[in-house]
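Presented below, as structure tokens, is a lone chain in the form predicted on its own.
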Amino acid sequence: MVPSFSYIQARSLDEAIRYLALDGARAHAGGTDLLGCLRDRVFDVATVVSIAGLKELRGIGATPAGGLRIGSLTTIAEVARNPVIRSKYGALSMAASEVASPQLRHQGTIGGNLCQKPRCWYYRGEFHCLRKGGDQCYAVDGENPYHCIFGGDNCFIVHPSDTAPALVALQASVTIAGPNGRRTVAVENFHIPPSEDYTSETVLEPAEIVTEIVLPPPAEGLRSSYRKVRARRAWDFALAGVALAIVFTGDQATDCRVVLSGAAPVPWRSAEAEKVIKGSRLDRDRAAKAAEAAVKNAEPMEQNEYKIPLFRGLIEQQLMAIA
């Protein structure tokens, strides 16, 4: 059952920030993750502050610099079908179209997708795990086929977002508003690995809200893509996924970003694969070497070693497709 709580519909961003400063307050946007967390008793809540009516947090439009601004309350479905995103930022459109089910894409927001809580069944279940203030990660000695192979440290969740890896690959940033004003953070630095803090997922401070996502102008010769492998066609989160953003000059890959999903507690950028790709002609041999480099430092758990060949094959296929 969902616990009892007070519900406030904020009439402005400033009002929302003021109410979110109350003890036990949580923000409500699309609600697709919040309601699940409340039902599963992932955290306690005294007040739910709805920001769903704030029109200034919706919409997609050009920036003065020639990039793109996406309001944080813009739905995943709107992001997936937007013609500018589809033509200039293909990885984001592909990632958005892979999120959950059509119903959830029409309800869930791009800001909520970035800020969602982990899907680990110990964290979501009746276990007082490390991330909920306990003294152990139950995945270490428990059922761990869907847990991470990179960056686990003391908590072995995988980051659940599909749009976050694409946004990291495309060098996007988020604008955050809170009691102390506004600030900008690169999406690459927005999520917190367990080695830094295993109780938090993002850099958001109390009463702070993501207001928009900003994409820079696409570089000339940029090609980008996103693909994930999952157990079922709908609903499921990534077993393995990869976002690519590669700048080509002729047939040479002059710059690139390779970001994995379903691999780590945060969107996982593979510097090893990028080193193999940069400055080279992206042929089948180069793609195979890059895919091998991407998984070279993986540290699988007892039941998820299958992810290594899965990632290797997925990355090689996607590199050849984008070439």
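Since the model is a prediction, treat every value here as computed from it, not as a measurement. Numbers follow the displayed sequence, beginning with 1.
One more form of this protein, predicted in complex with a small molecule, exists but is not displayed; see below.
- The partner is absent here; in the predicted complex, the one residue of A240, V210, I246, A80 having a heavy atom within 4.5 Å of the small molecule is V210.
- Shown here without its partner, the chain carries A62, L215 and D255, none of which come within 4.5 Å of the small molecule in the predicted complex through any heavy atom.
- With a 4.5 Å cutoff on heavy atoms, A91 does not count as touching the small molecule in the predicted complex; it lies far away.
- A287 falls outside the set of residues with a heavy atom inside 4.5 Å of the small molecule in the predicted complex.
- Although the partner is absent from this view, I192 stays clear of the small molecule in the predicted complex, with no non-hydrogen atom inside 4.5 angstroms.
- In the predicted complex, D236 approaches the small molecule with a heavy atom inside 4.5 Å.
- The chain is drawn here without the small molecule; in the predicted complex, the stretch among 82-90, 178-186, 158-166, 246-254 whose residues come within 4.5 Å of it by any heavy atom is 158-166.
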